[in-house]
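The data below hold one chain only, encoded as structure tokens and taken in the form predicted alone.
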């Protein structure tokens, strides 16, 4: 992991409310250059809202989100999209596009209003993104004919083709079987390490967070309980506060594995 003097993403007292109800914050956070940050917490903790805040998709009700010292409110949507790529958890069930066509959508932040069609650099970025996720052989395949793991990889490829400095992923392993979860985890970790790009994920999978993240942010009711290295964030006593359930830690690998403990 590389850490620059100027951290790319900063939240200062950032908060977001909806319908008069506080959803997130206020939060102070600096996301380090080149790190992988995993956001964990129970349902309703505000994980998706926090990711939408850092991706510039919603404006904070209070406080500020900034990119390399420039507040988001001073940047256009296209300027933010050139810097931050977002892969949502919920996507259309039917997508009448080929793999290449979908990944090309990630190039639109780089296209001018006068550009009639994608150019050579756009197709080269798509080719490199598909090669990175291992799907270059499926370029002409209809997205609707892909497996769940392949579809997820295609959406990640579209974000990679965006060539942003920060990749934001909301629940990247949801609804995937263990084999595909492992593939996506390896893909994210490899991308983070080899490209030295910054990654933020939100996940319910504590083992995924432990294996991929440099830091784990524990979020409950929109507030940060802790933001620490996985070995410390996965302490049973912290997880019990976070999820209101008993946990135990199983050791034996490179990192501790935290497991939900069942009574009886």
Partner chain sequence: MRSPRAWVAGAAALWLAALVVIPFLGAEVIYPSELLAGDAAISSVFWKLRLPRVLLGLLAGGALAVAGSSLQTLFRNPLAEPYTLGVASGAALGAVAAQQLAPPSAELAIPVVALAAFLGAGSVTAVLLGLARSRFGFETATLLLAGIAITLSCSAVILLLQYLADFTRTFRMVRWMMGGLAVVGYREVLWIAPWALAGSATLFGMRWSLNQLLAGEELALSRGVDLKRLRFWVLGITSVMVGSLVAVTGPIGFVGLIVPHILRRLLGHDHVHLIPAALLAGGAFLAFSDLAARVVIAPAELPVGILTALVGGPFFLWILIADRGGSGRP
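Residue numbers count along the first chain shown, from 1. None of these values were measured; they are calculated from a predicted model.
One more form of this protein, predicted in complex with its partner chain, exists but is not displayed; see below.
- Taken together, the three residues 199, 230 and 236 all stay farther than 4.5 Å from its partner chain in the model of the complex, as judged by their closest heavy atom.
- At the 4.5 Å threshold, heavy atoms of residue 162 reach its partner chain in the model of the complex.
- Under a 4.5 angstroms non-hydrogen atom cutoff, its partner chain in the model of the complex lacks residue 215 among its neighbouring residues.
- Using a 4.5 angstroms threshold between heavy atoms, residue 52 counts as touching its partner chain in the model of the complex.
- Mapping the unseen interface onto this chain, residue 172 falls outside it, with no heavy atom inside 4.5 Å of its partner chain in the model of the complex.
- Between its partner chain and the residues 111, 138, 146, 125, the one pair within 4.5 Å by heavy atoms in the model of the complex involves 111.
- The stretch that touches its partner chain in the model of the complex, counting heavy atoms within 4.5 Å, is 82 to 90, out of 127 to 135, 182 to 190, 82 to 90, 67 to 75.
- Counting a residue when any of its non-hydrogen atoms is within 4.5 Å of its partner chain in the model of the complex, the hits in 87 to 108 run 88, 92, 93, 94, 95, 96, 97, 101, 102, 105, 106, 108.
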